[in-house]
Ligand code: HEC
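Just the one chain here, the form predicted on its own, laid out as structure tokens.
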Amino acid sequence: MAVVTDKRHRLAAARFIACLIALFGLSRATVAWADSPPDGATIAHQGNGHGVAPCMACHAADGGGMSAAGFPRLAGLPQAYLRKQLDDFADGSRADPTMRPVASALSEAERDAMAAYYSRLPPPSAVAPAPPTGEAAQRAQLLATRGRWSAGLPACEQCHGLGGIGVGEHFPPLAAHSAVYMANQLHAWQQGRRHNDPMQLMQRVAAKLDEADIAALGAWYAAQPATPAKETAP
């Protein structure tokens, strides 16, 4: 009986596809594509065919972002973090006039596919910009590694890990991000335009930073390697 039922299901599916082809002039390849799970690489390089442009147009073919324009790297970021950001863009929890329509036009399955795809990409290997020097370097290193406890400001490393390589799904990497992007996000937290962080931690941190702090930290983390250096045997 189960075998007969399975045959009936396959026959019904075949008839349904035949109806689609006859009614809408679709090819069998098109119907098969529509029924297949979304592919993150395809969307990244070609869009989704439903209003979403290729992600590489802003985030580069390797997912490394475009530093000068402030488009962040996506390659190597935690999958859960990427998925949350897409959900937040879609429902308005994270405001962005460019990403809101993009995320809203992605299905749940497509958001999953995009987050998985970019999380598996290796971090960019491009030559990092020169780190800050002088007073800016001292300021950035102090804030990154020790904080400013006189102002109740913890070190960046306490949440984002040594060298800013990231910790878990809630504290993303800071290393190898665009200094422009970093500054834009810190300003957004300061001004209340971004508020999708756990327990509003970043809003409280950003409120204690001045313009010199923001510029120094952005330059500092932009120059840090995306992956920690491998230790060599003595």
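Owing to the predicted nature of the structure, the values given are computational and were not obtained by experimental measurement. Position 1 is the first residue in the sequence shown; the rest follow in order.
The discussion below concerns the form predicted together with this ligand, not included here.
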Exercise for the section: Answer with one of Gln138, Gln158, Ser107, Ser125: the residue that has a non-hydrogen atom within 4.5 Å of this ligand in the predicted complex. Expected result: Gln158
Practice task
Decide whether Pro37 counts as a contact residue for this ligand in the predicted complex under a heavy atom distance cut-off of 4.5 Å.
Solution key: no
Practice task
Using the partner position in the predicted complex, report whether Pro154 sits within 4.5 Å of this ligand, counting heavy atoms only.
Solution key: yes
Handout entry: Touches this ligand in the predicted complex: Ala41 (any heavy atom, 4.5 Å)
Key = no
Exercise for the section: Would you check, heavy atoms only and a 4.5 Å threshold, whether Pro172 touches this ligand in the predicted complex? Expected result: yes
Handout entry: Contacts with this ligand in the predicted complex, stretch 99-126 (heavy atom within 4.5 Å)
Key = Met99, Val102, Leu106, Met114, Tyr118
